[in-house]
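In structure tokens, one chain follows: the form predicted alone.
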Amino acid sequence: MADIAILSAVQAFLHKQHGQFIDGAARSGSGTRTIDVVDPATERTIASVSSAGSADIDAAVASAQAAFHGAWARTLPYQRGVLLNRLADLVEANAEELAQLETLCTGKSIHLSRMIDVGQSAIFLRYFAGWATKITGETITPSMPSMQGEQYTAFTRREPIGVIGAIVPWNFSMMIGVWKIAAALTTGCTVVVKPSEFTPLTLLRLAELAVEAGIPPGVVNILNGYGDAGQALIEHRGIAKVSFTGSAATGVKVGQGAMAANLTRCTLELGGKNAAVLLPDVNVYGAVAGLLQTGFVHQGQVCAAPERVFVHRSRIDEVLDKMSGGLAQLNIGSPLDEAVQFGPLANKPQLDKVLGYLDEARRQGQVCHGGRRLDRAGYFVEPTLVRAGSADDVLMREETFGPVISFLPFDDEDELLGWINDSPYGLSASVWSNDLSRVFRLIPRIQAGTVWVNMHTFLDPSVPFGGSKGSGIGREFGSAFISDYTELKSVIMRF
């Protein structure tokens, strides 16, 4: 099959002069650099974006502060929910345009862009919209002794904390951007979003749709630029909270910069070296299908994807054989071709990183399937299986964030748990078995923010998501996000 036809609206958007979105309108950047947006499937530049300068950053934060104290503060909770639902309507109405922009920037399958970046963004917007009228405090009866017959009562309020600085990665720019925008808006905060320099376009288009939905100017602002723009946003004294999704190394710098700037609070959703465990009774067909789907979706560029798989020794040869057979059937090619299941890596730095890990695996003689770059234009590599020699191998410890899964056999549970937990990360894990007694005994002993059973990676807006240890601080969605976007105020009264 051939690539789908690019919509005329997408072509027109690509040819615009892009920069920032501040106070409800697009504007060029005052920075000195231009960002080239490269299609990873062709290595061709498809658009350019001017970078933000210090004046743009000040203007975006000032706009967000004015809206926070002005129009957005006067918007009732019910109306905030209505506006988020209108934005969801517009996301769905412009679904194909947004999906094509996302695929052109990231190399993500057009099916995935339609289903996840667009479809799930609308679902998350509606979920957060429902919280707008349900953010409450509590009443308390203090135990203060009465001296002259007086009585006491107390209550708490949840108040929006202010302007949110949101920094979004390149792998799911629109969806993760929506998580942060919707969490901020439903609690009464305003937001300045800094997308990755590799994927700036879909959030610029989303900001236009936010104005069309009736969200007041200044509530949603977009700044584009490189790491220095993100750092300036983090350190800006007008920012009340930073919400960052990205690598652990960058997350440490973000947290340090925010605290040093103004004791600015942070939510950090960082990386992982996520484990999957296949117990002796595992349904191999089901586990292999699940690992193929979740380990290689978006070419493995998913923070919660399974990267190290521990298989009981009695089943590992069977698992590797079926995994290799499944990968051999993948159709690799253009992400705009609806017949393709596996596309390019998202950008050149990511390609170089993954190629380094593949070189290491080949040097160790551990590659069972794949392991090389494809000889064609674009950032294409083969999906790769590695049979590790030990739990200390580089590919069992370092996050590849690519289409590489390492397998290691285990013999007993104590050995297994030691390997799973001997990691600086603790984002997610999965256990594959029908022995639920054994599974439920393992779950409390696995150090991870999320444990899936007979599945991996799937997220639901009602279930909090985030990591332990080096995988982050705080949680996205569920009800847990409310405490991160609000200040708890206590009121005590005597009468």
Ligand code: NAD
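Given the structure is predicted, the values throughout are model-derived calculations rather than measurements. Counting begins at 1, following the sequence as shown.
As for the form predicted in complex with the named molecule, it is not shown, yet the points below apply to it.
- Contact annotation: of the candidates 296, 310, 401, 124, the single residue with a non-hydrogen atom within 4.5 angstroms of the named molecule in the predicted bound form is 401.
- Of the residues given (383, 230, 335, 200), 230 alone sits with a heavy atom within 4.5 Å of the named molecule in the predicted bound form.
- Partner contacts here mean any heavy atom within 4.5 Å of the named molecule in the predicted bound form, and among 68 to 76, 414 to 422, 125 to 133, 219 to 227 they occur only in 219 to 227.
- By the 4.5 Å heavy atom rule, the three marked residues 62, 162 and 185 all fail to count as contacting the named molecule in the predicted bound form.
- Interface residue remark: residue 170 is counted as part of the site for the named molecule in the predicted bound form, having a heavy atom within 4.5 Å.
- Although the partner is absent here, residue 247 lies within 4.5 Å of the named molecule in the predicted bound form, judged by heavy atoms.
- Contact annotation: residue 269 falls within 4.5 Å of the named molecule in the predicted bound form, judged by heavy atom distances.
- Using a 4.5 Å cutoff between non-hydrogen atoms, residue 452 does not count as a contact of the named molecule in the predicted bound form.
- Residues of 447 to 480 that come within 4.5 Å of the named molecule in the predicted bound form, judged by any heavy atom, reduce to 465 alone.
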